[in-house]
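Form predicted alone, single chain, as structure tokens, below.
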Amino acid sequence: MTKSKFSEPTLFILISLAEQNRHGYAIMEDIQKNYDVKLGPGTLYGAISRLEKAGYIIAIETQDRKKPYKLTGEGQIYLTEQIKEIQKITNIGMKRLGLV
């Protein structure tokens, strides 16, 4: 996977996993609670699949039927880069609006 910009849901998933390991439903709940965004299962698991293929998250072995995911070191680096880019864009917007 190239280092192209991911979609908003993908960034929400990475941010959710930056706090703690979570299974799919817990990720959906965390995103809905914190961003008031409801992801459908297709959107969520499609994004999770792309993140796994990119090496940004991994599934953790468990005895439970729920499959938790964990942010990898590469995923943490990528997420940090994306957040810095978002901050840069926000700062430019704030300056142009005369708010800073």
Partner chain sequence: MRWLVYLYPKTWRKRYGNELIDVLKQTDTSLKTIIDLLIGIIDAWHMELNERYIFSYRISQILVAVTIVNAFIVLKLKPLGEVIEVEIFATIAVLIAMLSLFLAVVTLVVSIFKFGKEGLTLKPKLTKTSVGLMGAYGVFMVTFLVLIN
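What you see is a predicted model, and the numbers here were worked out from it, not measured in a lab. Numbering follows the first chain given and starts at 1.
Note that the form predicted in complex with its partner chain isn't included here; everything after this is about it.
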Against its partner chain in the predicted complex, would T43 count as a contact residue? Criterion: heavy atoms within 4.5 Å. yes
Even though the partner isn't displayed, in the predicted complex is K70 close enough to its partner chain, meaning a heavy atom within 4.5 Å?
no
Touches its partner chain in the predicted complex: T62 (any heavy atom, 4.5 Å):
no
Requested in this report: Using a 4.5 Å heavy atom cut-off, state whether S49 contacts its partner chain in the predicted complex.
Outcome: yes
Q | its partner chain in the predicted complex reached by all of M28, K38 and K66, non-hydrogen atom within 4.5 Å | A | yes
